[in-house]
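First comes one chain, alone, set out as structure tokens in the form predicted on its own.
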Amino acid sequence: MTRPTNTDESATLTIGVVQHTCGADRKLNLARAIAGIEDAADRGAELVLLQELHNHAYFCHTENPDNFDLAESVPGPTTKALGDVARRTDTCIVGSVFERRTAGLYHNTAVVLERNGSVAGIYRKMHIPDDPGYQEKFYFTPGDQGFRPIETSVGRLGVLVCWDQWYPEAARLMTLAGAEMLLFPSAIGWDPVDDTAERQRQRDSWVTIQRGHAIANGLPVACSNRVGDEQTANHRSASIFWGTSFVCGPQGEMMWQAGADRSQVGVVAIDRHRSEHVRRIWPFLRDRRIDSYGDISKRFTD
């Protein structure tokens, strides 16, 4: 399978989004991700987005030093496996790795594989949560690269990771650095004690904030979230991941959305010229009052 390299004149870019369950078997988890990539590529995807930490059951429910044994280097086994798939399917792939940078220094890292299998770039998660069931500060050091898009043959990818998706500053800075789309590998779900109304509010908020980033920045957004009830060693539910992966356009228009209860692969063709059109009629970047935003870098103004 060989496709022409995308250029500024290309009319569309076809994006695949893979949503799947994860369990204790690391090889099986990676196999599910690879099967999703192959499915998307067979349906025309040129770029495929995987979910956060797709090789593992979500291990941040507890603080356990043994879980650091799950980490790997970048480049490493996962980038090699995904690189092989990228080369075989002629797709650009956004994956996710628990990165061991050196002894005692670990990151939650998105990796971008070019269509020839090489590592085009990485993004280390900047915002690290520490909430019940999401004790990530124990494991992950915040990223130190800033918010810079990754150059690929399919465009400049603004890759952010999960908790980053709640912060308009992250999306805006990626946009100002030239990102042509925003991509969010994610792992988010409900606490088992949440009632139906609370679950609805949380998921609606999660979708809404990301659609807001698309609107505020005039960019398409794609998000891949894991799905399923991942249980602890004593078979207690730790998180019920709500799936609902989606792709929306630069006015927040929903182009595809997965369900909340099953593995799915979505394939969406986006208009590569639409951002230019939308920004002409909604020129938010033009009208920003950059002379008056100095306080944004303060923790609080009172």
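None of these values were measured; they are calculated from a predicted model. Heads up: residue numbers just count along the shown sequence, starting at 1.
The same protein has a further form, the form predicted in complex with another copy of the chain, not shown here; the description that follows concerns it.
Between the options Pro75, Pro129, Gly133, Gly117, the residue in contact with another copy of the chain in the model of the complex by a heavy atom within 4.5 angstroms is Pro129. Screening Glu169, Asp90, Asp229, Asp84 for any heavy atom within 4.5 Å of another copy of the chain in the model of the complex leaves a single hit, Glu169. Although the partner is absent from this view, Thr208 contacts another copy of the chain in the model of the complex, with a non-hydrogen atom inside 4.5 angstroms. The shortest heavy atom separation between Gly178 and another copy of the chain in the model of the complex is within 4.5 Å. When contacts are judged by a 4.5 Å heavy atom cut-off, Pro142 counts as touching another copy of the chain in the model of the complex. Contact between Gly212 and another copy of the chain in the model of the complex is found at the 4.5 Å heavy atom cutoff. Exactly one of the stretches 76 to 84, 221 to 229, 95 to 103, 119 to 127 approaches another copy of the chain in the model of the complex with heavy atoms within 4.5 Å, and it is 119 to 127. Taking another copy of the chain as it sits in the model of the complex, the stretch 268 to 302 comes within 4.5 angstroms of it through a non-hydrogen atom at Arg274, Ile281, Trp282, Pro283, Phe284, Leu285, Arg286, Asp287, Arg288, Arg289, Ile290, Ser292, Tyr293, Gly294, Asp295, Ile296, Ser297, Lys298, Arg299, Phe300, Thr301, Asp302.
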